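Presented below, as structure tokens, is a lone chain in the form predicted on its own.
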């Protein structure tokens, strides 16, 4: 094939058609659909990928396959080179530093925003409804006194950064004349230290105080950094007095922070503070479905339900588990099934899962497996099938959780420790002699401790 006579678009389209037939659908959609061909020479095909992580993954796992496809199937003996797509308007640069394609620059430097974090991709639920409404209001009309500053607080991985970047992205799209500056508290601190070292504190102040909208992530890391707090205090004051919008995120309500100057805390509390709570089950399911769709995955509902049931407190954990499953599927060339998902969730949670399992969880699962009601398992009834199910539940509470006998007795209708001990010994003995009991205990133990098969 004469490389000069074929465009980079046609060459890549041909390669994609061949790769589509040799890879699982979800792997192709995730790792090849986002790639854009940039140029072709006598020696190289240059491809643009969306991020540095994407480049590292595709370069490590698929470059050989792409080059083999080009050579053997399309008779194009080319090396593949990558360029990472820029966030904003600067020239795209490949990994050697050579410019590949130029783009017009906007009026202001593009803010350091994650383009994937938008209001559209932010899953709303009861846990974050107020915070999202406040964020939307700020994005539509920045600088409102009642919303300035806006402080979004909550635990790790709940969507605070997503919401802050959504505000910035909306403003950057709808009000391009506004100068939006987005950074972490650590970046602000390092910029300040660098300015001191290079005697450029005036330039530093001018940069941050020229913002129409200032977005600072994780302000708790200003704790015990006295000079940085002093600098931020004056930056905050100047922007606030000029009616400029300030949005901050934190891991807790500002009034509960220590190591910050009182006057700074007073400024943080002068506007609106909104919290984001852990998502409930329905929101977790919606998040998983959204993330799966973004990655080109079609997951059965039972798999989504399993993940949403066990990963409860952290949206970031939900996202990373999807990525782990996708990566494992791509590497092993296997379709995604429940066994793979259970392994990924177990790897992600580790011992945390065992700490979250409760006696109530075990009672509920045993009741379901033996067609009994949970309230009957802890009642005084002496019906034989019920007694057996109750003893199995008691045995599993002791074996899996190691719960003290007295505590187990309290959960099972106030039974004394000798009754609990008898139940444990009885089921252990019957498991050795009776296949039915052995299989029931084995099945329940596997389900409660993440079976891999």
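Quantities reported herein were computed from a predicted structural model and do not represent experimental measurements. Positions refer to the first chain, counted from 1.
FYI, the form predicted together with a small molecule isn't displayed, but the following is about it.
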So which of 147, 82, 122, 208 gets a non-hydrogen atom within 4.5 Å of the small molecule in the predicted bound form? 122
Please identify the residue among 187, 263, 316, 324 with any heavy atom within 4.5 Å of the small molecule in the predicted bound form. 316
At the 4.5 Å heavy atom threshold, is residue 117 in contact with the small molecule in the predicted bound form? yes
Residue 228, heavy atom within 4.5 angstroms of the small molecule in the predicted bound form: no
Residue 138 within 4.5 Å of the small molecule in the predicted bound form, heavy atoms: no
Partner proximity in the predicted bound form: residue 161 to the small molecule, non-hydrogen atom cutoff 4.5 Å: yes
Hey, of 283-291, 378-386, 334-342, 267-275, which bit sits against the small molecule in the predicted bound form at 4.5 Å between non-hydrogen atoms? 283-291
Change in CA distance between residue 33 and residue 338 in the predicted bound form, which is 3 Å or more, as closer or farther: farther
Assert for residue 33-residue 333 (C-alpha, 3 Å or more) in the predicted bound form vs reference form: pair farther
